[in-house]
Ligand code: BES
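One chain follows as structure tokens, the form predicted alone.
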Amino acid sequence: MAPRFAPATETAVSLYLIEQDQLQSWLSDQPAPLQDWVATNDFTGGAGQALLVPASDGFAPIALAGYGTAAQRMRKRFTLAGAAEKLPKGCYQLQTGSPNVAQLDAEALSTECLGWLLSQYRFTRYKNAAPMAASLIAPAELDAPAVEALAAAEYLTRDLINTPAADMGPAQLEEVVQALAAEFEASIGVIGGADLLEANLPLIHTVGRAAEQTPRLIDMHWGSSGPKLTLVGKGVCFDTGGLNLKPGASMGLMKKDMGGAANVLGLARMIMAAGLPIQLRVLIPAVENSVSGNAFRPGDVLNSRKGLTVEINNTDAEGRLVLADALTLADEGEPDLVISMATLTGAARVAVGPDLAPFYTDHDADAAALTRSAGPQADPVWRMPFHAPYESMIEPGIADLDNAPSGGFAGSITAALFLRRFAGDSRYMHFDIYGWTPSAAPARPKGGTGQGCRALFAALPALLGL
């Protein structure tokens, strides 16, 4: 289902978005029956409230959506979407120019309308789900195609994460990238199976060799001029933990362990749909971390593309291994910026919870640009430190690096430091995301989700000097 606004030819109900402290001013200009209806239904203009006012005494039906207070909007993203999900079936048109209604700037209007489209998302691959009853005609001042493109990218990310591993293994993930490349006339190359060893991508091969579907490195290129941006996404399509087998409760959500790949593909879709003047490269090491007789073992010392050796102290810390080879390959292309995204550590979830996207960078200006863009995009991020004193924690006795330092301290930071060793001289930013909404919220149903992508997309002009 492609996210779309309703055509302007449809007959629409006028929708008024009203801040809580504006309600009485707005009501003072309305007929008495309407005032009575609002009072009877306890509509206060609180964030996410919705009320349909039926036709009466000469006025047409209208709808009210509560925009709350600034404090309420700090606690709830996509306020309009919260109301949209409560409105009855029909087509609605936002009355942005009316007196005593919320006056949204261009960014806020775009984000609120995006939230409406995101509320329409349904994952219907295995079970039919009723569509959202309410549709919206895009306001005239809105860049509707741009908002629809953002929603389409988020739909792609959600669909990929929500699909179980039986139908979204490395081969199926490759098919998705092939289709995306065909849609936007990008080129794509894939190195798989034993060819990974010939191509000097040993860590990707080692992690994925125990699975029925062969491991592979997916490499997509788009754009022929402008600054070079390389996106690297962790594509572990299912993670048993390997020989350090996860308990069942921890394995239940591991279809989402390719959430990094899903997110970079969503971001790539935004970039290509917008036609940004850049040279885009997307690298996805796609594997399953499975158990069989040839699975890699705790205590093994593995070689990497970069030449660094890695001691395996836990086979469940496999994501950083496949990313390591991909990051080395990315650095060899001399990009202007490398961004990796991965559902990498539980430590990040403990630190910031499921809602924030933690990121790492050594460049204060990049961090500032990203943070500035995150708020208006309703896509929260949080900077974490590349804390150099912890470098010794990832240096074992018999190899260059340790993939899983003992002790459990600073797990997200040590993983990020591990990855930075392979990013080389590239300007590098890393996201340790969750990729999952555990409890439904406006515009964010329970399930797979994009994190950090809209903030990154909005920040790219500053990050790349566009």
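What you see is a predicted model, and the numbers here were worked out from it, not measured in a lab. The numbering used is simple: start at 1 and walk along the sequence shown.
Another form exists, predicted in complex with the named molecule; not displayed. Remarks below refer to it.
- Not one of 19, 71 and 80 comes within 4.5 Å of the named molecule in the model of the complex, counting any heavy atom.
- The stretch from 103-111, 169-177, 351-359, 255-263 that comes within 4.5 Å of the named molecule in the model of the complex, counting heavy atoms only, is 255-263.
- Put simply, residue 317 is close to the named molecule in the model of the complex: some heavy atom of it is within 4.5 Å.
- At the 4.5 Å threshold, heavy atoms of residue 230 stay clear of the named molecule in the model of the complex, well away from it.
- Contact check for residue 346: a non-hydrogen atom falls within 4.5 Å of the named molecule in the model of the complex.
- Of the heavy atoms in residue 418, none are within 4.5 Å of the named molecule in the model of the complex.
- Checking 51, 401, 413, 404 against the named molecule in the model of the complex, a heavy atom within 4.5 Å turns up for just one residue: 404.
- Proximity to the named molecule in the model of the complex, defined as a heavy atom within 4.5 Å, holds among 209, 86, 76, 246 only for 246.
- Heavy atoms closer than or equal to 4.5 Å to the named molecule in the model of the complex belong, across 218-248, to the residues 234, 239, 246, ordered by sequence position.
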